[in-house]
Each structure stands twice: as C-alpha cells, then as structure tokens.
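This document starts with one chain, in the form predicted alone, laid out as structure tokens.
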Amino acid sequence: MKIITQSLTEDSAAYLQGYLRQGDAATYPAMIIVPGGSYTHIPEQQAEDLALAWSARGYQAFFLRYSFVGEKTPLLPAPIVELAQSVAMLRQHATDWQIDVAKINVAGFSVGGHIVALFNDLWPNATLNQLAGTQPEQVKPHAIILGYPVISPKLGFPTDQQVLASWTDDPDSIAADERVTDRNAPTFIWATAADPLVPAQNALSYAQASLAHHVDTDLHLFHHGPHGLALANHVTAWKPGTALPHVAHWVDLANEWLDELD
C-alpha cells in the first residue's frame, strides 16, 4: 500500500489523504471518507480506520481533511467545494492511482454526512462548480453513503445559534433534504434510533426526499447505539458501548449495495 497526501488549494488547510492499493488489477473503485467533528476538527485516526476498511474491500480509499470553523467565515460552502475538488482530483489522477472513474463513491459521517449530502444535491450546480473550478462531469459521484448524518439545522443539530452562525449566514441553504433533485446519486443511509446528538429524523428526512425524487435509496435505522460509531466495531470503539456487532453490519450492507449498483 502507498500512502499519499495531496493539498487541494494554496489558500486552505484542506487536503486529501489516500491509501492506494498496488495490485495487479487495472483499476479499482474509489471511496472518499468525509469524517465528522462538528466542523471544528476531524478525528484523523477514525478517518484512517474508515478508509482502511474500504481499502480492505478492494477500494482505493481516501479521507478528506476539509476546512473548519475559524478557517473560513462563514464556513460553508467551503467544505462542499473542497469535496468537489477532491472528486475531480481523483479523476485527474485516475491512471496513476488506478481508479475506475465510473465508480468514485463518497461516504460522510455526522457533519461529514452534511457535507456529502449537500454535495450530492449540488454536484451539477453551476455555482458550486464555478467555486470549485470544475465541470459537473468531473465531480459526478457514483454513489453516496451517509452515516448518522447531520442534514438540516431544522432537525435538531446544532442547537446553538452562535454555532449555526459560524457555519452559514443562510440556514435555509444548508437544509440538505430540501435541495435533493432527480440528479442525486444513489444513496445509502444509516443511523441509530437512539442517537442522542443528531436525531435520526435527519437520516429519515433525507431518505424521504431521495425517494420522492426517485433516487436509488437504501436506508438502515438500527435500534441502539450512540452518535459517532464509525465502523461500530473494536477498531473504532472510543468508549464502552461503541463496539456493536449488529450496527457494524452497515459496512457489509453498504458494500453489497454498491456491488448491486454495478
């Protein structure tokens, strides 16, 4: 395996870290992990563990360190722009990195899920592509995975208006469930009904919007588990009760679903 780190732009701290398989296959599908962290940080070890889990399943895997609160004011849409630039970067380096350009997937968790959900809504959008310096065909995702995602400030997170103001000066524009279109990529969503931080209604609302627009949608709501489970196994367990074998099935379920899309 080869580990690479690529800066996205000269005017931000954002970068893409990759874990590249170096096998005999001509190309591999790709997975970009967009981790959580309340827009103030990312848990890099967890992000790496998530990437390596997809590498083990035959993917060229990456994680995105996007811009945080305080680095851009207001923060959004900078992380969405950086994700678009990341997808374009994978297409640009597809030959060197042995990537199948038809199978570039993105997985977001918590506020990373907010970034990914909005990116899914907006990848064809002219304004987003102008900000990213891209064209829609360069940033079109194959499929989207959302884990315990933040979807809209109207659905219970964040609860602090000062925090929300640091994200955006237009809260309606970041309600991802209200911006779904018929062009959204196939979407796999999972959450836990007991999540005490980001209500499961976020996941349900995005799934309902996706179904209303005839988007291929696969929804899994597990009955038990706190926020931030990541792989939900011993690898990413961060306190007692965060290694949950039932919830950990989400990775295999998502992998099976991706295989069915081919």
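If you're wondering where the values come from, they're calculated on a predicted model, not measured in any experiment. When you see a residue number, it is the position in the sequence shown, counting from 1.
Form predicted in complex with a further copy of the same chain: not shown, discussed below.
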query: Contact residue in the model of the complex, from 55, 67, 236, 217 (heavy atom within 4.5 Å of a further copy of the same chain); finding: 217
query: In the model of the complex, the residue from 40, 27, 45, 208 that sits within 4.5 Å of a further copy of the same chain by heavy atoms; finding: 208
query: Candidate spot 5, 93 and 103, all three touching a further copy of the same chain in the model of the complex (heavy atom, 4.5 Å); finding: no
query: Answer range among 222-230, 58-66, 45-53, 28-36 for contact with a further copy of the same chain, defined in the model of the complex as heavy atoms within 4.5 Å; finding: 222-230
query: Close approach of residue 13 to a further copy of the same chain in the model of the complex, 4.5 Å, heavy atom; finding: no
query: 4.5 Å heavy atom contact, residue 197 to a further copy of the same chain in the model of the complex; finding: no
query: Residue 249: touches a further copy of the same chain in the model of the complex, heavy atom cutoff 4.5 angstroms; finding: yes
query: Interface residues of 248-262 toward a further copy of the same chain, as seen in the model of the complex [heavy atoms, 4.5 Å]; finding: 249, 253, 256, 257, 260, 261
